[in-house]
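Only one chain is given next, in structure tokens, and it is the form predicted on its own.
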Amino acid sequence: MARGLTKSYGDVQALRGADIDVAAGQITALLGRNGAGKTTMISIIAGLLRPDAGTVELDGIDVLSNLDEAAKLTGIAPQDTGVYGVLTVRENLEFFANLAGVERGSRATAATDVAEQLGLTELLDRRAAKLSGGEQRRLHTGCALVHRPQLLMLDEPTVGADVATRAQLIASVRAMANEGAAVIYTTHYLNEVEALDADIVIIDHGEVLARGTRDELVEAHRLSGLEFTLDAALDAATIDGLGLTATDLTANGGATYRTSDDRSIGALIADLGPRSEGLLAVESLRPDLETVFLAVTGDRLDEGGG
């Protein structure tokens, strides 16, 4: 689908030759920290942004050369909610259906179908400005899928959403994939990746570092051990002697370290000796998506928007 995407903003290189493929009926979760390049990538795929280099192809169409034609096949819901407050839910959905090329006689049905899918049926005649934040979030997503696109892109769709809205959006994404749509879904919430049973692409500093199913990535990037924080940094000789990896420095002069063996917490305390009195936190690392991300990028995935 997308090959060799490169994009810079002045001296900042947002994408560095990134590739991504998504098949019909497949959900791909695009994971990365704030500023990793996720939003830039999907904006280019949607035809909203020109890359410095690279190609995007959808159903045999060169997206970058045929924006109008490609727009009918794609739907995108950016991070920031973009609905028209003065319009009703129905009017918003029909307006976006019109923009996507849905025939006049089919727009009303398309709007009511999406409203039912997203739990908005009883709100169809309410102005968007009168909706709750979660309801606006659902409407925002509905505007992206009202024309049943072949490729649906959702950028942090559940940031700030309540539990009910999150569940509704997850169910709708799965339903779209079951209907044959390809879905790119960016998120910081790893439990959503699990719920969607999504394939995974990890991007960092504009480069795709890993891709595969959850099980494939956990097996390939298995990481276990302990991660702990001390109130004072250790010297280099102690770090080497205890077989530790320094991962972060804290604002108050402390530091975080990681073991790479099966050492118990008790054994770690014994190894640290008197220094263990400065322990602020200890966490056991078990193979899962969080530790995969940690192993691939060297840092944890922030659970927040951006």
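In this text, all values refer to a predicted model and were calculated from it rather than measured experimentally. Throughout, we count residues from 1 along the sequence that is shown.
Although not depicted, the form predicted in complex with a small molecule is the subject of the following passage.
Visitor: In the predicted bound form, does each of V89, R138 and R166 have a heavy atom within 4.5 Å of the small molecule?
Guide: No, the candidate spot makes no contact with the small molecule.
Visitor: Please check if G37 has a heavy atom lying within 4.5 Å of any heavy atom of the small molecule in the predicted bound form.
Guide: Yes, G37 sits close enough to the small molecule in the predicted bound form that at least one of its heavy atoms falls within 4.5 Å.
Visitor: Is V22 close to the small molecule in the predicted bound form, meaning a heavy atom pair under 4.5 Å apart or at it?
Guide: Answer no; every heavy atom of V22 is more than 4.5 Å from the small molecule in the predicted bound form.
Visitor: According to a 4.5 angstroms non-hydrogen atom cut-off, is R33 in contact with the small molecule in the predicted bound form?
Guide: R33: yes, in contact with the small molecule in the predicted bound form.
Visitor: Taking any heavy atom pair closer than or equal to 4.5 Å as contact, tell me whether E227 reaches the small molecule in the predicted bound form.
Guide: So E227 does not count as contacting the small molecule.
Visitor: Just one of Q79, N98, T112, Q150 has a heavy atom within 4.5 angstroms of the small molecule in the predicted bound form, so which one?
Guide: Contact residue from the list: Q79.
Visitor: So which of 59-67, 239-247, 268-276, 37-45 is the stretch with heavy atoms within 4.5 Å of the small molecule in the predicted bound form?
Guide: Stretch with heavy atoms near the partner: 37-45.
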